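The chain below stands alone and is given as structure tokens, in the form predicted alone.
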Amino acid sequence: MPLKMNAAVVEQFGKPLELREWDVPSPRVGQILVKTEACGVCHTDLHAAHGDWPVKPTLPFIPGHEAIGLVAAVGSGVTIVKEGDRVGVPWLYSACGHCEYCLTGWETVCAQAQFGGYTANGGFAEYVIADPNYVAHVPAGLTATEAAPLICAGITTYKGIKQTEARPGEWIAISGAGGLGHLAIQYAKAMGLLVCAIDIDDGKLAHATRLGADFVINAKTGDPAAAVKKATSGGAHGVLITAPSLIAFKQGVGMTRKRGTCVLVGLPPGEFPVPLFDVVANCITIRGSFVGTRQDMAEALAFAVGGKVKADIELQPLSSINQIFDRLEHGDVPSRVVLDFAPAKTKNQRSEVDQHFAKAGAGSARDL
């Protein structure tokens, strides 16, 4: 009989996830099995479960791309991780490794890239298969729950800030001070930037100030682009738009300094309302940024080890996933929700898992 695990499964797009038993997968050649300790919940998971994007996941599937856990078993040929290592299974699940993008450090746009919790089953389960070449290596000093949001929200905002090319001492405007934005503020300050935070929630803006934002603007109370230009003497050198709002996207271009760069990481539905005259006349660069590379991941996690970046997290059990999704839909998640998987396993259960993978020819799972 195959071993069973608990998982939250998308059986139909737009329907509540099914909490059910699922076979524990066995790692094949070149794969590893990770025992999930924690998994962050991202708005992308909601898009995946709803089938919102043109290329949809194959049903049924398990979402989750912020999984952190211990390597429980390794398939043959795996040498770069070992049993007991703490790793993260991120959005970039794997890539081809040899195309022009992979060879130049842009594996995130590889045409053959696979994505965790989307084209490959993800971390809303007690175990997840991963490609050892693309897992995040969680440094000592970070707990699983602390690291989980950083392998998606953290790396996305960190890479986006890098893409603005703003230099220490220059201004960056961060539109949206919630789950992504509160991390972006911390990364920007750690990178030596002056930060202007924009949101429509006074509570989030107050938190942005506590995190070190030099100037905050409520976009509901006036023209945020004009306010940014006044506060920064001409506009921000870099603008990072994390808010999933077309209005925020249009405002973001207006906040950008002449010859500045506006980076888009939010994904609102619809077409980007670009003011072409302003973009051309002011030599503004508009750039999309999509998560980050393995090197970006290592850098983003390193900031957290030093205590310069810390995600605000709310711990919830896997059984609450549908309520969490409902809150995400209604904007009722102020920071990041992390699913906390109880690590307790009995000695008999550990022995059962060891025997199972020994028979399968994979590594043992004595760390479960």
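Predicted model only: the values in this text are computed from it and were never measured. Residue indices: 1-based, along the sequence shown.
One more form of this protein, predicted together with nicotinamide-adenine-dinucleotide, exists but is not displayed; see below.
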Only one of 317 to 325, 32 to 40, 47 to 55, 298 to 306 sits within 4.5 Å of nicotinamide-adenine-dinucleotide in the predicted bound form by heavy atom distance, namely 47 to 55
Can you work out which of Ala243, Val78, Ala113, Leu211 has a heavy atom no more than 4.5 Å from nicotinamide-adenine-dinucleotide in the predicted bound form?
Ala243
Hey, in the predicted bound form, does Pro268 get a heavy atom within 4.5 angstroms of nicotinamide-adenine-dinucleotide?
yes
Whether Val291 contacts nicotinamide-adenine-dinucleotide in the predicted bound form should be assessed with a 4.5 Å heavy atom distance threshold; does it?
yes
With a cut-off of 4.5 Å between heavy atoms, is Val239 one of the residues that contacts nicotinamide-adenine-dinucleotide in the predicted bound form?
no
Can you work out whether Ile198 and nicotinamide-adenine-dinucleotide are in contact in the predicted bound form, taking contact to mean some heavy atom pair no more than 4.5 Å apart?
yes
When nicotinamide-adenine-dinucleotide is placed as it is in the predicted bound form, are Ala177, Lys204 and Ser335 each within 4.5 Å of it, taking any non-hydrogen atom of the residue?
yes
Sequence order please: the residues of 118 to 157 with a heavy atom within 4.5 Å of nicotinamide-adenine-dinucleotide in the predicted bound form.
Cys152, Thr156
